[in-house]
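As structure tokens, one chain now follows by itself in the form predicted on its own.
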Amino acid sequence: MHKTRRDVLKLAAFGTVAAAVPFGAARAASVRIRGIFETPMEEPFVTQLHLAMTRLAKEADLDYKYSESVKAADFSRVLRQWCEEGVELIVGDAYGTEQICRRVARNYGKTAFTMGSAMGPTEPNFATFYGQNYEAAYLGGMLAAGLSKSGKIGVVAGIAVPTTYGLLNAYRAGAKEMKADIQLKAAYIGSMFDPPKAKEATIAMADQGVDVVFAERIGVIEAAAERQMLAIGNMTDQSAINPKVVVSSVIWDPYPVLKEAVDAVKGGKFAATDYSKLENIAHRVNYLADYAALADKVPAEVKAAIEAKSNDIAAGKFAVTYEESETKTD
């Protein structure tokens, strides 16, 4: 039986409550972390943040709780409540609520914020990361091209914006390196979370001859299973969802980012840091997941080429271009 996305999450509540202390001072060993997410837990970006914070909480006996599917109208209320309680660290996604999150942070300078954002950090207490995994997407493109028998690969993505293009263009570049004549079909669903629409777009690609698809959004894997396509997951390891369909996943693991933030809070050294500098293969925030049940489907020469390229990226011998021009269908 195939697992649901929520089945693969290890949901748990943790720990003791730490007393609030002034921002910039050393904290008690058990700080309070709160996660705020605009989308449901199943959305891969949120999944990865949750799993990283769950891991940190277990390792260091931290108090971690979260709120998912928080509407923009409720963001300020939830954030202010936590700040009033003296919570030491708030983590989440601010892409759709930038001004709200930053306004609350300005009013509560003793609370540390570490948020997914494209606008960078703001002194003194608003640190950011980007959620980027384009280096691993390059490897994913190599894999897709190496697996495709039709010569047509696809990607079903969320919103058509430069940050999405950066990911998709890296995927295309990796595919073109593996097979110069590979064709890419790109579709945007106009939402961060609309599984039915993503499924519909994937079926349309199958009708166009696409046999390997990059599941940048939720809903793609289900359609791929119906149409006998292979899929590459995004952000989280999605092979558990359907091991007969998902060959690998383009991983974004924010654990190193959040560990630095937690350590800074505990040590009284938290600052408005741009943590996107860690979001790469070299720091193991990005990587291509194991091939798992479908390892035999990946030709040995494709595996070797991907491993060599990953090593070159990590060592600084090869730089994946981050290109924000629109990714269009070939």
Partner chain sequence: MSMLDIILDIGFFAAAIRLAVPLLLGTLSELVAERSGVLNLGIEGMMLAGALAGFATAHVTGSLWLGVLAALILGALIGLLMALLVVILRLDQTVAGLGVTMATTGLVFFSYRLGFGESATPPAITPFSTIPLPLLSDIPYIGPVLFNQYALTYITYLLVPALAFFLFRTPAGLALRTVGENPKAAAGVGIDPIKVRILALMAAGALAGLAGAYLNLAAFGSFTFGIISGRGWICLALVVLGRWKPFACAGAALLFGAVDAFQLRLQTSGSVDLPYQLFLALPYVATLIVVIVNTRFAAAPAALMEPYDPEKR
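Just so we're clear, the structure is a prediction, and the values are computed from it rather than from any experiment. Residue numbers count along the first chain shown, from 1.
Here the subject shifts to the form predicted together with its partner chain, a form of this protein not shown in this document.
Checking Val246, Met205, Met115, Leu168 against its partner chain in the predicted bound form, a heavy atom within 4.5 Å turns up for just one residue: Met205.
Out of the listed residues Lys259, Arg102, Lys197, Lys176, Lys197 is the one that sits within 4.5 Å of its partner chain in the predicted bound form by at least one heavy atom. For the candidate spot formed by Met41, Ala160 and Tyr188, every residue has a non-hydrogen atom within 4.5 angstroms of its partner chain in the predicted bound form. Shown alone here, His50 lies within 4.5 Å of its partner chain in the predicted bound form, counting heavy atoms only. Its partner chain in the predicted bound form is approached by Glu222, whose closest heavy atom lies within 4.5 angstroms of it. In the predicted bound form, its partner chain stays beyond 4.5 Å of every heavy atom belonging to Leu230. Its partner chain in the predicted bound form comes within 4.5 Å of no heavy atom belonging to Glu324.
Of the candidate stretches 180-188, 142-150, 124-132, 80-88, only 180-188 has residues with heavy atoms within 4.5 Å of its partner chain in the predicted bound form. Residues Glu326, Lys328, Thr329 of 302-330 are found to place at least one heavy atom within 4.5 Å of its partner chain in the predicted bound form.
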